[in-house]
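This document starts with one chain, in the form predicted on its own, laid out as structure tokens.
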Amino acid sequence: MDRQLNLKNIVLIGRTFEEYHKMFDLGSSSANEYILDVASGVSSFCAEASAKGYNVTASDQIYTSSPPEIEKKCRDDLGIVIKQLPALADLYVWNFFRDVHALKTHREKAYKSFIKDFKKYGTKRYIPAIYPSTDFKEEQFTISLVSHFLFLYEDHISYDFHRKVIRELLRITSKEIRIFPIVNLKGKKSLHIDRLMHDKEFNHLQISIKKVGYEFMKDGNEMMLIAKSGCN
């Protein structure tokens, strides 16, 4: 049997600007582009990127909840993950994080930074959105980033749901969609990858897999890049 985190539902785990920058290879992205963080949860990317001058909008259904409710769920979810990690430590690469304790400290810093910014800006930056549908305008954003949502939870989310989310992101994104990681919770390439890349509905797009400079789950160092026709 494959070893993996035992998660009944999608967990609310925060990641930082530094992680996003590496996961999505943002070095080539202009701070003038309009970036959508999809199913962003309690990541501090929006708060940190905005402070650096980026134009970022975060979106998640959790933003209908109050800060105390979100913080409790995040704390509980982080506890569930941290409790399981020591027995699964060999499935991960401990370079970005020195050990489980360092990981916990990093995650706590991320969600606390998010909570502070969420309290201050509310729905000015953090838009409630229940994917696969949104109220965003057509091509409102230049780039959409999908972190630890699609592909990772393939046992929880159907391929049809993946298609619907990508279809919606294509509607509201003018340039490209970046998805990280492309492995599932077992650390194996998601079965949805090949299916998506050969889906006739998307054959007009430029879909590629790119290696990035971030790896926590072993072999989880690639992102999918979906570029609309005419974009590179």
Ligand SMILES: C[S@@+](CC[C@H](N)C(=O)[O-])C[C@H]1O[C@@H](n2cnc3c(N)ncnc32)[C@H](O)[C@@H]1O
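Model, not experiment: these values are computed from the prediction. Note that residue numbering begins at 1 and tracks the sequence as displayed.
Just so it is clear, the following notes concern the form predicted in complex with the ligand, a form of the same protein that is not shown.
- Of the residues Tyr131, Phe96, Phe136, Tyr92, just one reaches the ligand in the predicted complex with a heavy atom at 4.5 Å or closer; this is Tyr131.
- Proximity to the ligand in the predicted complex, defined as a heavy atom within 4.5 Å, holds among Leu196, Ile177, Ala47, Val38 only for Val38.
- Under a 4.5 angstroms non-hydrogen atom cutoff, the ligand in the predicted complex lacks Leu205 among its neighbouring residues.
- Taking the partner from the other structure, the ligand in the predicted complex has no heavy atom within 4.5 Å of any heavy atom of Ile172.
- Taking the partner from elsewhere, Gln61 is found to have a heavy atom lying within 4.5 Å of the ligand in the predicted complex.
- Residue contact check for Leu12: one or more of its heavy atoms lie within 4.5 Å of the ligand in the predicted complex.
- Heavy atoms of every residue among Tyr20, Ser147 and Tyr153 are located within 4.5 Å of the ligand in the predicted complex.
- Shown alone, this chain has one stretch from 61-69, 48-56, 196-204, 183-191 that lies within 4.5 Å of the ligand in the predicted complex by heavy atoms: 61-69.
- Residues are counted as partner-facing when one of their heavy atoms sits within 4.5 Å of the ligand in the predicted complex; in 164-197 not one qualifies.
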